[in-house]
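Just one chain is shown here, as structure tokens, and it is the form predicted alone.
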Amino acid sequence: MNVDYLIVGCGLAGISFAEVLFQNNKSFVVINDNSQNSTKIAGGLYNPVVLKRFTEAWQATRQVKLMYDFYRKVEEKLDCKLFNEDVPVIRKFFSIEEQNNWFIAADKKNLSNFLSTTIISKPYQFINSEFGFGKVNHSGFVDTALLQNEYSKFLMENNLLINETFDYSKLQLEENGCNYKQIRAKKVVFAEGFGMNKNPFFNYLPLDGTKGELLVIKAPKLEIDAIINASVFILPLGNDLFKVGATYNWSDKTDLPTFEGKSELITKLKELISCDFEVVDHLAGIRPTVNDRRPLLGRHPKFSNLFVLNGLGTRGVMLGPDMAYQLYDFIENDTELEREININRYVSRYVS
């Protein structure tokens, strides 16, 4: 099999790059072993504002613009509903001071398009909201589990997905391409998420990983029509089901749900809602996060046909399309990567 690209990994990063290759008529094959589950269990929220500080997320304006067109094209390709822009994020206010800070932020040029200046006072029967809510425009969620499942199915149907663990020892590097078993590829893009730490070519990069745990609850009396952002988020899934998250654990690098994580989420949820609920599922995964909170894109310092797309972290739904386009332009059109996302910023860590 001769292809332009071999992609390793089929989470948000791998899917985003595969879709960009489709759009540019490049041939490729994907190898994935389902060892990483952060895309599958993610909340999938996209939100252009950092709601702890009421500031614009990094390059949010550009990312939101690209994201809308990107996911609509993917929905059309897969013939399924993935992109939920009709379920906005609303931030619960805990004080008059927070309300004032919201209005101050909304007056800023870069945030005026994202922060509604109308306080939502609509009462939710089982959520105490003395100070109301602020609505974030251009927010919502992508069903990442469905995206991964349907995109993988599409790739399988077109003989573009190989379900196996990538064996780095079988990768033969040559001047004009790479050989992997029966595959001849001009270039290899590693999009492995937290699994990159086992990659001998790119494990020098500081991908720390942050464990996140979420709950799926059933709460028939909890009638909400938006994603509630407070000490936890509550995302309506339909049929009285809601996703609740998320925890942040920087030391535990397993993807196993924990009693501590579940207890933390239940405690915070009970502080937010006053109706009964039942926990029907408990999920955990490792987000591919970097200390400087910027993605990892670029070419290997020694092997010119090896590339990486990783470190999408907690904002993978927004970052994925933008980073995939940027990496493609870097590879195919010699467009310079911005320093803050280029892995060259960590070249001093590389030991050949």
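None of these values were measured; they are calculated from a predicted model. For every residue, the number given is its place in the sequence shown, counted from 1.
Just so you know, the form predicted together with a small molecule exists too; it's not on screen, but the next bit is about it.
Stretch 306 to 314 is the answer when you ask which of 48 to 56, 292 to 300, 321 to 329, 306 to 314 has residues with heavy atoms within 4.5 Å of the small molecule in the predicted bound form.
Using a 4.5 Å cutoff between non-hydrogen atoms, E97 does not count as a contact of the small molecule in the predicted bound form.
Taking the partner from elsewhere, I273 is found to have every heavy atom lying beyond 4.5 Å of the small molecule in the predicted bound form. At the 4.5 Å threshold, heavy atoms of A246 reach the small molecule in the predicted bound form.
At a distance threshold of 4.5 angstroms between non-hydrogen atoms, G209 is out of contact with the small molecule in the predicted bound form. If you check the small molecule in the predicted bound form, you find no heavy atom from any of V189, E336 and N344 within 4.5 Å. With the partner omitted from this view, the residue of E164, E76, D225, D86 that lies near the small molecule in the predicted bound form is E164 [heavy atom within 4.5 Å].
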